[in-house]
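Okay, so here's just one chain, in structure tokens, the form predicted on its own.
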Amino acid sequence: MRVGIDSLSLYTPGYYLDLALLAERRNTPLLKYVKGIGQERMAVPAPDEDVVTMGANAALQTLEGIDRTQIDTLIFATESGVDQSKAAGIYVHRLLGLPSRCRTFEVKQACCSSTAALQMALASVALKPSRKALIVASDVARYGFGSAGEPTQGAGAIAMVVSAHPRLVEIHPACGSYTEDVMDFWRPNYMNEAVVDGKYSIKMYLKALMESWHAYCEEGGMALGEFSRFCYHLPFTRMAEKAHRHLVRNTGTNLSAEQQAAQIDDTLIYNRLIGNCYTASLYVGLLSLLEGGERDLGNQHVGMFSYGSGCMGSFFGGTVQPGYRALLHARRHRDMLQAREALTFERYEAFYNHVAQRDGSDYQNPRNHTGAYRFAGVSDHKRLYETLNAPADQPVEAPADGDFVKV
């Protein structure tokens, strides 16, 4: 029985910082960003945007035309959790009006947890083919202000429906994984910014790639030459180039630089404009591939590598389904990216420094440009989410206490 991705959508905040402006303020050559890491813009969430609102907005789109009563599992993948106990997916469950019988939970292992969620969903659907699973991967990549990691920030979410007889991508059963306890990237509970050892993290990424590939081959996976495209976890777009060269070289595959580039270039389009989305990153690349290329990929095989620092990696493959283009939201995604507002450096700094209070006091967030949902604030230690009726591009005042929707 075929099982895989039936629907896939993207959401990213309505604001971005142009890295040309960041380069100017940091007295850094622009080529270091554009060529060195392969980035042009980075999405910046407003104070009233978080992983819940981004995830709910992505899911709202991916559920269009799908019977929600068939969704019996919602798995929320993130490394930007909003609560030590309550899963962010519980908030999304209510905002979307999903059935009460839909089990909902959160998973974590850095950027790789979305792939772990996908593998869990595939097994669940295989046991009960009449049901569907919803996966939401949502994150805010945040590093120290003025640090080396600052230009690799970003924010966004993807949502996918996993089903039997998928209309977008059939996921193959073979999957190779690798796990090792290392400290290449982490964020302690008492910190708002991640700690990263950049060179070591790249080294571990490449090691996990090869170990996962070897495990994939032992699981009976396809030969490298059978894949026409490859998607990689994208902390920045140049990482995919490094990874693909590494994989091709170490498997003894004879491909020119131009052939290698053709296998990954379309996967990088959205990431250049959004930045790192952690758990969503790999699937932003997959969506970029499906929506960005001119060539029809129906019946073509795609190799995918997911990496989560700390660390875990997984390599697996899928087959793009004939007629997949009719199921995409390409125009909507392009319009969303085009409609974003460019931040001044001063407003970017204000957004960055607006960190939710940690003393338990009540507060309200100002209204900014968001999608169908916003994080309104906190009252009595409870996060408050608002479903918006007014168009997102019409500014309104923050709601009074009585207008908050407690979720």
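One rule holds for the numbers: they count along the sequence shown, beginning at 1. Everything numeric here is computed off the predicted structure, so don't read it as measured data.
The same protein also has a form predicted together with a small molecule, omitted here; what follows describes it.
Novice: Just to be sure I understand the contacts: of R187, K242, H329, R167, which is the one whose heavy atoms reach within 4.5 angstroms of the small molecule in the predicted complex?
Specialist: After the contact test, the surviving option is K242.
Novice: Exactly one residue in R238, R94, H246, H214 has a non-hydrogen atom within 4.5 Å of the small molecule in the predicted complex; which is it?
Specialist: Exactly one listed residue reaches within 4.5 Å, namely R238.
Novice: Answer yes if any heavy atom of Y307 is within 4.5 Å of a heavy atom of the small molecule in the predicted complex; otherwise answer no.
Specialist: Yes - in the predicted complex, heavy atoms of Y307 and the small molecule come within 4.5 Å of each other.
Novice: Consider G298 of the chain shown here, and say whether it contacts the small molecule in the predicted complex, taking contact as heavy atoms within 4.5 Å.
Specialist: Flag for G298 set to no.
Novice: Indicate whether Y205 is a 4.5 Å heavy atom neighbour of the small molecule in the predicted complex.
Specialist: Y205: contacts the small molecule in the predicted complex.
Novice: State yes or no: in the predicted complex, is some non-hydrogen atom of T267 no more than 4.5 angstroms from a non-hydrogen atom of the small molecule?
Specialist: Answer no; every heavy atom of T267 is more than 4.5 Å from the small molecule in the predicted complex.
Novice: Spot the stretch among 272 to 280, 246 to 254, 83 to 91, 125 to 133 with residues whose non-hydrogen atoms come within 4.5 Å of the small molecule in the predicted complex.
Specialist: The contacting stretch here is 272 to 280.
Novice: In the predicted complex, do P29, I37 and G149 all put a heavy atom within 4.5 Å of the small molecule?
Specialist: The answer is yes; P29, I37 and G149 each reach the small molecule.
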